Each structure stands twice: as structure tokens, then as C-alpha cells.
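Quick heads-up: it's one chain on its own, the form predicted alone, in C-alpha cells.
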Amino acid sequence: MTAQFRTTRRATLAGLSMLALAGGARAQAAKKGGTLTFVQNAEPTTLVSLTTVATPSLTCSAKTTEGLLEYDYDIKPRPALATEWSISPDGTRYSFKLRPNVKFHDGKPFTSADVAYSIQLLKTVHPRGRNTFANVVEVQTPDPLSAIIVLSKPAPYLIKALTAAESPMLPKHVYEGSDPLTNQNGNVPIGTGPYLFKEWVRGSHVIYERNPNYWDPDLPRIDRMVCKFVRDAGARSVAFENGSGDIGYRTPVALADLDRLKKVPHLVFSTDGTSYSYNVQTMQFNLDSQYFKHLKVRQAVAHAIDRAAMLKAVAYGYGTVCAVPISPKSEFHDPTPSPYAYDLKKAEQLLDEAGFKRGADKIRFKVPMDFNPIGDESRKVCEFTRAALGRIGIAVEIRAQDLSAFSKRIYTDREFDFTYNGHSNLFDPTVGVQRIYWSKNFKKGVPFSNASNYNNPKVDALLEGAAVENDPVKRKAMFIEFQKIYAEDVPDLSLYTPLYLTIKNKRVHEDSPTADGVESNMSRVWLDA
């Protein structure tokens, strides 16, 4: 597997030449200038994706703060801040040559010292970085334009993990000596990216302007990007219809509106730029809860949820039923059906056996259900769950809050019983999935980590083994075995993988030329007049 990603300067340049030839007609037609309005359904908590992997922050972060590499739709690496890279035969040394004459927005040079500092910081405070960079021993910096990541064990997924949003390269001189969780760079970002931060009006928008000193003098092509936060799904639909919104991703409108909007002549719908990450929507249990610490209660809930009916009711069929944490889009997915088929009678029996009998009011127990507010379907899933569990005597109270309050409740205070959430698989299960089920990633205060407090030594061993296994056959077998144990334990309940669409005005071009789509720096995007 390692050899697959060994890249020389000659191969890199040849690949870029082929891309230029293939896209020559589009590049020649590209226009300069204009303002792009990016419509988002939620406001980010930070503008740099160092301490969170919430999608609103991912979308914003890469506009100012770049990564070492970018990736084509097949997740093959291409140059970004690094122009060359190689991997040692044993998979324990990743060597990068950095792009010369790159400067941060404050004029300071970008060097290997920033790479070394960023990777150590990501390893410490990033929700997925604890997994991604777990084997990093040091980052050597033999000169300002050379960085060598030294690992204690192989990390076959690492070469895919270096996008701007996933592994941002940060200014050491801004962060050093500060608390990264409260550093003001998250509010007023300084990076190497194609856009300069202009303003953040809370509750309204973020504005970015063209970086006139960007390392590629031909980019970016637009003058300004406005990320507008529109919480109401209907208002987002109107924005796309009347042209006040140019682009939005992860299906940024109510799914009920899609058929109507597809008839609007100036709108385009695309799945380009979605291959870097597939989500799995999940009903997540707190295994310390007085109710859900009981396996039979979790099994009963699993028997009470009809995934196919849920997908149709809340997502209008835009997705795929999924009973395990690894998406059907992944080569590591286990297609074995859930051992807990839809069966209300069996669910009732399990609850009786667990000691939760129906009372005189026919209710076994009452429990609050929280939900991640980022997705428009979140409340609908909770409403579906309330109805489904009501049939087996569990009374569900839906509890809503904004993203900050949700994250604090679930990941810091742990004052919850169960929640509806979504988790990105990303480009590899070691990065996207392990963080949710690895006992060593139970870390209070870190969002999108092991919120359930799931602890199974066999699962830990399988996930840790897969993280360092270079044999793809053995590695897949480990992930399959993990999913089988997961299915029996039910630490949470995987529901479905959504199909995400990017909606854009026809005047928008080259918005998603990479695997991560609009979560990239969008330096190439251009607009018709």
C-alpha cells in the first residue's frame, strides 16, 4: 500500500500537466472578479478547524488555513503547501518538500517549523488528530523547506489525511505559548490561504477577501466570498431560487423542496467533491445512563427502529440504510444485516427482561433525546424515534439547543442519555470511525470523540491493529470483525448514510475540483458575470 503513494517530482509535475491539459478549456474560459455567496445552515463555533470537526467550521477553515496536500476524486494526493513527498519502504517516515516563498497573511514566512508545530498540536487537541497522528514520534526539520514525519509504527492512512480542513497548517508564531482552545486565531484567522479574513458578524455572516499575495499569483479568481448563515431551511430555498445564494453543500435545503428546486433552470445539483468523506447518521447512547447502560435496553431500541422507514420519512430516500459505523460507500463496510431486525414484540420482551416493566400509565421510563442541530433532518429523526419508542413504552422528550450548547452537554458535561448525531467516516476508518469507538479517545471536552464511553478491549485491539497494518487484506478483516462486535454490543445505533448534494447557481464554476469539494480552499472557483 505504501508504494502506491510514493511520488516523485517528475510524476507530480507530469500529473499536473495532464490535469492542465484535460481542464485547459475550462481554465482558459475562467473569469476574474465578483462575489460568491456561500449559504450555510449553521454558524461555525470557530473559523479554524483545529479543535472541532463540525461541518460549519470545516467549510470556513480552508479558505484561510491550508494543508500540505489536496486530493483528486479518487483520493490520490496532489501538491498544495507541499510540492513533493515520499514514504519510506517500512512506512515510518513521510518526507515533504515545502513550497517556497509562501507567506502567512501577516507577512511571516511559512516553514517546516510551522508544519512540525501544527502536527504536534493536531495530535494533542484535534478530535480526529489523536488517531491520525497517534504514531508520530517527531517531525524533523532539517531545513526551512523540509519536514519529515517520523512514526513509531506505520500509518497507512496518513498520506490521505493532509487536506486543509482535516489537518490545517497553522502559524506557530501565533499559537505558541497560548491555549489553542481560546487562541483568537479561531476568530480572526491568519493562514496561508487564498482568502483573507475580513469580518465575522455573529449570527449573520463571515466575509473573506482575495489575498493579493497568495503563493499562486493567478489565484484566487473571485474578489470576495460571503459565508452567510441561514438557519431556516425555507429561507435557504428562497435564496437559491432568487439568486441571492450562489452555493451550498450537504443538501442545504429541506429535502421536501428538492423536487421543486430541480425544476429551477438556473440551479445545478452535484455530488462532485463528496468522496473524501461519507457520513453515518447515528443514535448515540450514553453508556453511563441509568437506562442505556443495559445491553438489553439498547437491543430493544435497535429492534424498535425501522431504518428503511426512517430513511424514507425523514430523508425522502436520499441515502442508504446502514447498520454499522462504516459507510456502504467504503471498501471496509460489512454488509451483514443487523442482528436486531425490526421486531416490536422482541423489543417489548427485552425491556421486560431488563426490569423496565410498563407502569399503570403504560410507560416504562421517560428519557430526554438531544440532537445535533447542524442537519435539518435532526429534529425529524427525533420525532420518528419518539413515535417508534413510544410503541414499546419508552417516552421520549426531544431537547433542542444550539451547536455550542449541544457540544458542551454531550462532550463536556455528559448530561445526556441518548442523542442523534452524525459522524464523518472520512477517507479511512482509522481516522473517521476509530475516534468514536476507541476507549482511549474518551476525552471530555473534545467534540465528536467517544461520547458513549464505549470500552471493549477486543474492539480497541482490532482498531489499533488496523491502524498500523500495511496488508490491505488483513486490515479489512480487522475492520469487518470490529463491525461484527459493534453490532452485538450496540454502543450506538447506526441508521443510514445520507446522499449529500451541492446546490449552486449555473454562474458558479470549478467550485469542487477536489475530493473534499467546497471544504477545500476554493481558490479556483470563478463566476460568470
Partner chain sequence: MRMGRRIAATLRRTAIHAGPTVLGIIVLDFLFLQLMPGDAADVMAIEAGSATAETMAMMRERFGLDQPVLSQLASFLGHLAQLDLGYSPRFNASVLDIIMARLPNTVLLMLTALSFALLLGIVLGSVMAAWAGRWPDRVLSVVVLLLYSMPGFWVGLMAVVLFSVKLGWLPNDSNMTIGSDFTGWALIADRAAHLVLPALALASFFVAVYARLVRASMLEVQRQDFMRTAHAKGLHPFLIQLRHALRNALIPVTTVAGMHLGNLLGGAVVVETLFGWPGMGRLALEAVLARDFSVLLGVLLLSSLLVIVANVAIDLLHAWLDPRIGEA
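A quick note: this is a predicted structure, and the numbers were derived from the prediction, not measured. Positions refer to the first chain, counted from 1.
The protein also exists as the form predicted together with the partner chain; that form is not presented, and the subsequent description refers to it.
Site annotation in the model of the complex: the residue of S146, N187, N213, Q290 reaching within 4.5 Å of the partner chain with a heavy atom is N187. This chain appears without its partner; in the model of the complex, the one residue of S178, N455, T124, Q349 with a heavy atom within 4.5 Å of the partner chain is T124. Although the partner is absent here, F406 is a contact residue: one of its heavy atoms lies within 4.5 angstroms of the partner chain in the model of the complex. Among residues of the shown chain, N101 is not one whose heavy atoms approach the partner chain to within 4.5 Å in the model of the complex. Put simply, I305 is far from the partner chain in the model of the complex: not one heavy atom of it is within 4.5 Å. T55 belongs to the set of residues with a heavy atom inside 4.5 Å of the partner chain in the model of the complex. The candidate site formed by R250, L344 and R364 is entirely out of contact with the partner chain in the model of the complex, as no residue has a non-hydrogen atom within 4.5 angstroms of it. Note that among 266-274, 92-100, 234-242, 74-82, the stretch whose heavy atoms approach the partner chain to within 4.5 Å in the model of the complex is 234-242. Taking a 4.5 Å heavy atom cutoff to the partner chain in the model of the complex, the contacting residues in 173-210 are L181, T182, N183, Q184, N187, R202, G203, S204, H205, I207.
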